[in-house]
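Starting off, we have a lone chain in the form predicted on its own, written out as structure tokens.
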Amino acid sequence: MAIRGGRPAARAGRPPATAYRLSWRILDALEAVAARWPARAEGAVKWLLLAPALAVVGLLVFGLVVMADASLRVMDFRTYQLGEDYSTANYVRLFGWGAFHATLWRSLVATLLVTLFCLLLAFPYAYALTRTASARLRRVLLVGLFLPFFVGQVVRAYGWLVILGQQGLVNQALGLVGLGPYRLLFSYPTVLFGLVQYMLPFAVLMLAPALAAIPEEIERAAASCGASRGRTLLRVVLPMARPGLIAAALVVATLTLTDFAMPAILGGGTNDFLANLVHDQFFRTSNAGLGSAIALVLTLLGTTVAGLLLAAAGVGALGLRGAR
């Protein structure tokens, strides 16, 4: 070995010291720190990672407490200030109010119908997206899935006003064959149509990972045993896609129940949901007490819908490890 400057020269083929990347040095340092990390501090790390989520939950709980306090105070319209005394008058008035009953029924029926239609439409779309062998078709389906997310809900609702109006594209097309014009806007079916169109991508996003996790070999095995395509989908694929179906139903149901824009724009003020009723009480009649009571009822309804779905399917249906 040759000696240069009092130090042994590098052997042939051996990389110089600078070849040891800086990123590797950083990883080695982190590994050394992790090796010396005290075991008693591991619990603190878990809570530190949970801190952002706990902060958000705490903020939501604080908002609910403030609304609960306001809902138990009656608005004094002489001063437009909430009274100091606690009372259940807002809830008594709410449950004896015919408009609230009609709005509640309209919201619940819409939640059920939109959820069912979205599941029926989302399943074949998600199945085609995860099972197609054509890369071009998959790209088209992905673009069709994600493109609506680049357009806001309000913009889409106003777009349907242009399409479904008296002089809109639909009535113009019907006029070419001697039909119409028809009044397509400001009706309950139009609100449901807009909600299905808005919620459908969410349902597909929930279903696609569940279907992608099902090996195609299982379907081929069912076909080799004599099962038809329809029977395979009904008896094999659907039960295995249960986590995605439950997740899609949860997302669509809660978003539909609390939706504001579609009923306000496509309903024309005659097909309001509970969220619209909350808005009216806060910003039109300035009755924060009654508005808070409606908001709490809406929150309770959303929680109840989610609880019923999980109770019917079981928490384990979401694929949570260790859940039953």
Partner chain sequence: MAVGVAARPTVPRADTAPAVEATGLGRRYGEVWALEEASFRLERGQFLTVLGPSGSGKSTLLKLIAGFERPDRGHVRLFGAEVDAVPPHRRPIGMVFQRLALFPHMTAAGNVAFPLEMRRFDPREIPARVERFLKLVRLEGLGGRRPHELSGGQQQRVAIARALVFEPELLLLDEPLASLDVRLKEEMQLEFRRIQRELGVTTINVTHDQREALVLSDRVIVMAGGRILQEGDPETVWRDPAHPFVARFLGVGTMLRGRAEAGPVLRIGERLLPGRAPNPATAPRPGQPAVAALRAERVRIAPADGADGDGTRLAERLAGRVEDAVFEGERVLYELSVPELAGLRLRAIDRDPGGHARYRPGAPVSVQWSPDDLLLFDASLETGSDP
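If you're wondering where the values come from, they're calculated on a predicted model, not measured in any experiment. Positions refer to the first chain, counted from 1.
Keep in mind the form predicted in complex with the partner chain is missing from the figure; the text below concerns it.
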Tell me whether L72, Q81 and V92, taken together, all sit within 4.5 Å of the partner chain in the predicted bound form, counting heavy atoms only. no
C225, heavy atom within 4.5 angstroms of the partner chain in the predicted bound form: yes
Contact flag, R235 vs the partner chain in the predicted bound form, heavy atom cut 4.5 Å: yes
Would R183 show up as a contact with the partner chain in the predicted bound form if we use heavy atoms at 4.5 Å? no
Does any part of A99 reach within 4.5 Å of the partner chain in the predicted bound form? Heavy atoms only, please. no
Exactly one of L116, A221, V109, L174 comes within 4.5 Å of the partner chain in the predicted bound form through a heavy atom, and that residue is A221
Which residues within 229-264 place at least one heavy atom within 4.5 Å of the partner chain in the predicted bound form? R231, R235, V236, P239, M240
